[in-house]
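Let's start with one chain on its own, the form predicted alone, as structure tokens.
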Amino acid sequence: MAHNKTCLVTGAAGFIGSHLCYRLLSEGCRVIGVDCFTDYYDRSIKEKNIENLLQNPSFRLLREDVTGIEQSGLEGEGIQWIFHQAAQAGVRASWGRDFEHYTHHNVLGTQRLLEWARKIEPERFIYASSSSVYGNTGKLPMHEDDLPRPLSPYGVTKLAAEHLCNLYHQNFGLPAVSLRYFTVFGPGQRPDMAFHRFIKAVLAGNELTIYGTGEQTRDFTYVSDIIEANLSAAKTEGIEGRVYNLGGGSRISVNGVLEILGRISGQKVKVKHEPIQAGDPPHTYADTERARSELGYSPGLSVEQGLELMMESFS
């Protein structure tokens, strides 16, 4: 158990951040959440994510941008674990003029947080990285030591932030660990993400859009497995400066997902095809051996089980 740890969670009102806050509270931690409620998707979704958190006396929320962490007045809070989940998300939206939001939140936000963390000297700094750093590596499964070649501006900013975490570890001994998430799904998932869009369309009997042939594959990871890995990364000794892949352990095509959805819902899935989107790699698949051996990582939910739980959350 992680009793009495004081934790800072950035992006606390987001999909993964809010799940993490609930889990930390259940472990007896005190949690300070930071979220600036960007307008990337409907704000009411984030408000709903945290409404029960706000009832908990061990939880406190700061509604501010992580780039302003220096002014937060949190230095004296005795923060031991920092979980940096906040980011401007979305591969497809990261092109063009919107790129400045990505550099602001993902690169500058991380740098400011690291600079501040140096002063408060936490026991562990955990950064939520992404499989997007790999891009199209040309080999599967993707291993932590592969040369990253991001395919999207989003992936570039996630990799830049990961490098920042590493250099603050190398130069100042900040106990940073990076976790590369592979396509996380589950109840409360962002509305722009595929599973959320698919389930909504299937339940309403509407046509759903897929990009390309649907033969592209992803390593889908259920949110509770990601949360357990974050806790392990906070508690495990001697892993500072390490990078870990977190995948679900099975690679499945988008068409395979639609087949499962049709089976679970008993509905006919109606599909409309659109051209492949810039920045989307054809395949992702995580080599999770390092996380298994060093963090005891063991993904517990299959795509089918996870989709069933997610569908129930829509009713």
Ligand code: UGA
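What you are looking at is a predicted structure, and each value in this text was computed from that prediction instead of being measured. A residue's number is simply how far along the shown sequence it sits, counting from 1.
Another form exists, predicted together with the ligand; not displayed. Remarks below refer to it.
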| property | result |
| --- | --- |
| Triple contact flag 125, 226 and 241 to the ligand in the predicted bound form, non-hydrogen atom at 4.5 angstroms | no |
| Exercise: residue 182 in contact with the ligand in the predicted bound form, heavy atom 4.5 Å | yes |
| Distance check, residue 90 to the ligand in the predicted bound form, heavy atom within 4.5 Å | yes |
| 4.5 Å heavy atom contact, residue 99 to the ligand in the predicted bound form | no |
| Proximity of residue 103 to the ligand in the predicted bound form, heavy atoms at 4.5 Å | no |
| Candidate from 157, 130, 110, 85 lying within 4.5 Å of the ligand in the predicted bound form - any heavy atom | 130 |
| Listed residue that, although the ligand is not shown, lies within 4.5 Å of it in the predicted bound form (heavy atoms), from 61, 254, 271, 260 | 254 |
| Stretch in contact, per heavy atom within 4.5 angstroms of the ligand in the predicted bound form, of 163-171, 194-202, 110-118, 72-80 | 194-202 |
| Members of 206-225 lying within 4.5 angstroms of the ligand, judged by heavy atom, in the predicted bound form | 209, 210, 211, 216, 218, 220 |
